[in-house]
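So this first bit is one chain, no partners, the form predicted on its own, shown in structure tokens.
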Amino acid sequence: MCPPTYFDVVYAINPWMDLSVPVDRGRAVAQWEALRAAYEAHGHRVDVVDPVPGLPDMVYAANGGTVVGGKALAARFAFPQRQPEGAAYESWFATVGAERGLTSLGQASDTNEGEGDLLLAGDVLLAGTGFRTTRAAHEEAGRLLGVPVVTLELVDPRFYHLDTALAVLDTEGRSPRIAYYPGAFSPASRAVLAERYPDAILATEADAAVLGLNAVSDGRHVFLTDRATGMHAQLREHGYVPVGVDLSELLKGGGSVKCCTLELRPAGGPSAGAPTTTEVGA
């Protein structure tokens, strides 16, 4: 995670950003601290990346890269306002990350916005495209990280990253379970998701519209915005424990719980060394 020390909305690169709405940075920091405390209270370790002045979106750590099997691929951002973040996260992977047992693969060659668009679901990497990460980046990520890739096309600009429209809930001990909002995807991608994940939780537009799918799960506890009350109820019905967090200030930049969280997967973890193939489902 990266604290929102310099968080602000000073440009608009997604539909959530409104330059006329002021940001309360102190409140943003307090909300971020509450999310960090929630993770630690449930037994999770949080490494903190130092924020860089002039990079107000660096708090959205998920976009900084993708880590699978101890291999860390840093992002290459689409918009010039965020491009320096890629180098900042690459530097962290190569220094502090190396001390944690991670191997830095450098920055992606193609436009690749990290876990914003690349979500590990068991033994495959679900990969979003349509607004930010390119299809070429999917192939590169699969090859470098050693994971099969399933491409999914996003069509609603509100859900500009895959992690705003889909959450991986459980990959341990059974087939992966996900939750997603069908309206965010092209018809062909909806068909792929329905076939691969017939037991998926389908979010309502109301829950998706408050970024209720921008969530982090440890297989039991699901950390998500406290505003997605319908998703909370569905999660309970399926045996999960929702942990609601107020990130309303950071929502002004177009991010919530998952956007603020880059998951570090060590060597020997899920999908390490898996063969690489690419499936295009868009």
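Don't overthink the numbering: it's just position in the shown sequence, from 1. Small disclaimer: the values here were computed from a predicted structure and weren't measured.
Form predicted together with a small molecule: not shown, discussed below.
Colleague: Does any heavy atom of M17 come within 4.5 Å of a heavy atom of the small molecule in the model of the complex?
Modeller: Yes, M17 sits close enough to the small molecule in the model of the complex that at least one of its heavy atoms falls within 4.5 Å.
Colleague: My question is simply whether G116 lines the interface with the small molecule in the model of the complex - judged by any non-hydrogen atom within 4.5 Å.
Modeller: Flag for G116 set to yes.
Colleague: Is G255 part of the interface with the small molecule in the model of the complex - any heavy atom within 4.5 Å?
Modeller: Contact with the small molecule, yes.
Colleague: Is T66 one of the residues lying within 4.5 Å of the small molecule in the model of the complex, judged by heavy atom distances?
Modeller: Contact check for T66: no, nothing within 4.5 Å of the small molecule in the model of the complex.
Colleague: Name the stretch: of 231-239, 47-55, 246-254, 32-40, exactly one has residues whose heavy atoms fall within 4.5 Å of the small molecule in the model of the complex.
Modeller: Contact criterion met by 246-254 only.
Colleague: Select from the listed residues R177, H138, R76, R132 the one whose heavy atoms reach within 4.5 Å of the small molecule in the model of the complex.
Modeller: Contact check passes for R132.
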